[in-house]
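First, one chain by itself in structure tokens, the form predicted alone.
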Amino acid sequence: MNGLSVAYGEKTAVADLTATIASGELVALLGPSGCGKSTTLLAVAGLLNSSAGSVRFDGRIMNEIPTEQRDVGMVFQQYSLYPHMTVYDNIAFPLTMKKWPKSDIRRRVDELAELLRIGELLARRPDRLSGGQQQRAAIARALAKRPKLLLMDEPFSHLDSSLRLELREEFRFLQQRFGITTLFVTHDQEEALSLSDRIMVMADGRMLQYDTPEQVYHRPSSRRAAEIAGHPPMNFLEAEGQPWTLGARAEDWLMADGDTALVRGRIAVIEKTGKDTLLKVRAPSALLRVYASAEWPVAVGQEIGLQIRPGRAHWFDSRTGSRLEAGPELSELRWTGA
């Protein structure tokens, strides 16, 4: 993609998006609803016309190439299976359209059905499948012709959490096995961080950051990117009259006594989330979300002193939101509110 822009009338949905996706990579498009993720996917597929810029596959400009000639596979939230066809016929459909020999079609369908554990369902129609089974069939159909590019728009969002985890792990295995370049739209930070080779963080139709999951999480390019990538959201402390905003992830706090505490506050809420304990701490002019270590003695209403782990502070320009490479010494700061 080079300078890709998409407009609906006078409204710009995607603006000046430039990114290169390497062969075989899985790239997640991450951002809030309405930020332009799905619009980008549809423009790459050729289902939407761009208002500026270009889409290239292996150096070839695709802007004027019809969708059916772009060699893409697509999987959407709604499973988009043909209701009058069996699972077998749904998976075989793109190969039938390409006039593959029946014996080759059978081999390909059987291979994918076995990998996706739907071999015993091939004679059924979609209305006799569960949601997870329907999505497995939809993925098999998209992979059947081994497309150059696979486009997926929140394909697991309608599934329950355990099935979503299981299916995305299976999909990642298949994507790596076949080496299919994939664009994957999601608003789920955990999904993007765990699945991707790289993440494109988007907001308001623009790309904020394009990097590995590790860089996106540990070195967000801006305050906005830091807010989008990570759950719970990053904590921010702003000081009136200062050119910086201080950020810290929930897991990057330590208990500290009065002399060394950056900030003091009172525990308002304790949330047990399995192995983790999440505290909501009311501090001056801020509500901090902090993961407590197992050895911390905590109780609702307790006053607590906190300091950020060495090397884990994030600094942002208080005016532009851009990342700063350094800020004041934490040991010299005492937070009393903005």
Partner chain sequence: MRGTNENMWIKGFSKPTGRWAGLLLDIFVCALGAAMLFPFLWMAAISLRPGDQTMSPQLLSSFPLEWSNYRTVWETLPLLRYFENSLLVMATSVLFGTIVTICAAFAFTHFSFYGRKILLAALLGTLMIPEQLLLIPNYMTVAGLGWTDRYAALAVPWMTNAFAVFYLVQVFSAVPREYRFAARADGAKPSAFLWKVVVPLCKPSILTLALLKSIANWNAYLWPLIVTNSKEMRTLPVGLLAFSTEAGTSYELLMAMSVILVVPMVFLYFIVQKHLVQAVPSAENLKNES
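Positions refer to the first chain, counted from 1. Quick caveat, the model's predicted, so the values are computed rather than measured.
There is also a form predicted together with its partner chain; it is not shown, and the following applies to it.
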Margin query: To verify the annotation, which of these, Ala286, Leu47, Ala52, Ile270, has a non-hydrogen atom within 4.5 Å of its partner chain in the predicted complex?
Written below: Leu47
Checklist line | Interface residue in the predicted complex among Asn63, Thr67, Gln302, Thr277, criterion: non-hydrogen atom within 4.5 angstroms of its partner chain | finding: Thr67
Next item on the list: Quick one: find which of 229-237, 248-256, 192-200, 69-77 has residues within 4.5 Å of its partner chain in the predicted complex by heavy atom distance.
Entry: 69-77
Notebook entry, point to check: Quick one: does Leu81 come within 4.5 Å of its partner chain in the predicted complex, counting heavy atoms only?
Noted result: yes
Note to self: Residue-level question: is Cys35 within 4.5 Å of its partner chain in the predicted complex, judged on heavy atoms?
What the structure shows: no
Check: For Asp127, is any heavy atom within 4.5 Å of its partner chain in the predicted complex, or not?
Finding: yes
Notebook entry, point to check: Quick one: is Leu42 in contact with its partner chain in the predicted complex, heavy atoms, 4.5 Å cut-off?
Noted result: yes
Next item on the list: Identify whether its partner chain in the predicted complex is within 4.5 Å of every residue in the set Leu122, Gln133 and Arg168, based on non-hydrogen atoms.
Entry: no
Next item on the list: At a 4.5 angstroms cut-off on non-hydrogen atoms, which residues of 137-159 are near its partner chain in the predicted complex? List them in order.
Entry: Arg141, Lys145
